[in-house]
Ligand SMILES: Cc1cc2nc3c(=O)[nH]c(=O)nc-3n(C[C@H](O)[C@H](O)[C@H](O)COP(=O)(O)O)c2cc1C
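Below you will find one chain, with nothing else, as C-alpha cells; this is the form predicted alone, and questions on how it binds or moves follow later.
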Amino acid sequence: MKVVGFSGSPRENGNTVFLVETALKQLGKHGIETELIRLGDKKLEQCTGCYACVKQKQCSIEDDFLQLFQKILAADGIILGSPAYHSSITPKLKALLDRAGFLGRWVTNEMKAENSTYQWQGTAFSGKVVAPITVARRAGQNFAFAQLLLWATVNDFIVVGSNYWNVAVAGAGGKVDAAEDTEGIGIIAHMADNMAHLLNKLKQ
C-alpha cells in the first residue's frame, strides 16, 4: 500500500511540510510506503474550464499536472496539506484539486445533454482514502479545512478523521514552529493511525 502526501505550501520546509511528514512517518510505522510531494516545486496552472478533458480524457494544459495526477491514481491514499491563506487553501493546491477533480470525473463518465440526468459511474478516485490537514497561525482553519473536505466528498474519496479536526496551530510571525504544537501532532498521528487501519481493512 502507498500513501502520497501533498504539501500545498510554497515554503520548502514550513509548518505544512512538517505536519504532512508527521503523518507519513506514522504511516511508515504501519509498513505503508509513503511519498512527500511539495507543490511549491511544481509548475501548476489553474483550470481554464476548456472542457477538453471531457473528450480527450486528459488535461490539455502542459505542465506538471499529469505527473501528479498519475501519482494520485497509483496511490491507495493521499494526504492534502495546506496553510490557511485568508481562510483558504493555497492557489497551487487549489489548481491541482480543480484539475484532478474535473479530469477524474470525466475519465469514468461521459457528458450528457443538458436535459439529461446523471447516474455517475464513480470517479477515478472511487474507493481511495484521503485525509486533509490545515495549519494556521490562529484562525482561518474552518474554511480551508472545509474546502478540502468538500473536494474529497464530491470526488468519491473515503475521508479519514481523527479525535479532533486534522489541524494545527503554528506560524505566528512567520515562524516554523509546528513542532511545538504537541496537541496538533497527536491529532495528526492519530489520523495517520486511522488511515492505516482503514487501508488495511479495505485491502482484506
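One rule holds for the numbers: they count along the sequence shown, beginning at 1. Note that the structure is a prediction, hence the values are computed from the model and not measured.
A second form of this protein, the form predicted together with the named molecule, is not displayed here; the remarks below concern that form.
Trainee: Exactly one stretch in 92 to 100, 70 to 78, 107 to 115, 128 to 136 has heavy atoms within 4.5 Å of the named molecule in the predicted bound form; which is it?
Mentor: After filtering at 4.5 Å, what remains is 128 to 136.
Trainee: Can you tell me if Asn15 lies within 4.5 angstroms of the named molecule in the predicted bound form, counting non-hydrogen atoms only?
Mentor: Yes, Asn15 is a contact residue.
Trainee: Any chance Thr22 has a heavy atom within 4.5 Å of the named molecule in the predicted bound form?
Mentor: Contact with the named molecule, no.
Trainee: Leu149 versus the named molecule, in the predicted bound form: is there a non-hydrogen atom within 4.5 Å?
Mentor: Close contact is absent here: in the predicted bound form, Leu149 is far from the named molecule, nothing within 4.5 Å, heavy atoms only.
Trainee: At the 4.5 Å heavy atom threshold, is His190 in contact with the named molecule in the predicted bound form?
Mentor: Looking in the predicted bound form, residue contacts with the named molecule do not include His190, since no heavy atom lies within 4.5 Å.
Trainee: Which residues in 61 to 99 have a heavy atom within 4.5 Å of the named molecule in the predicted bound form?
Mentor: Those in contact are Pro83, Ala84, Tyr85, His86, Ser87.
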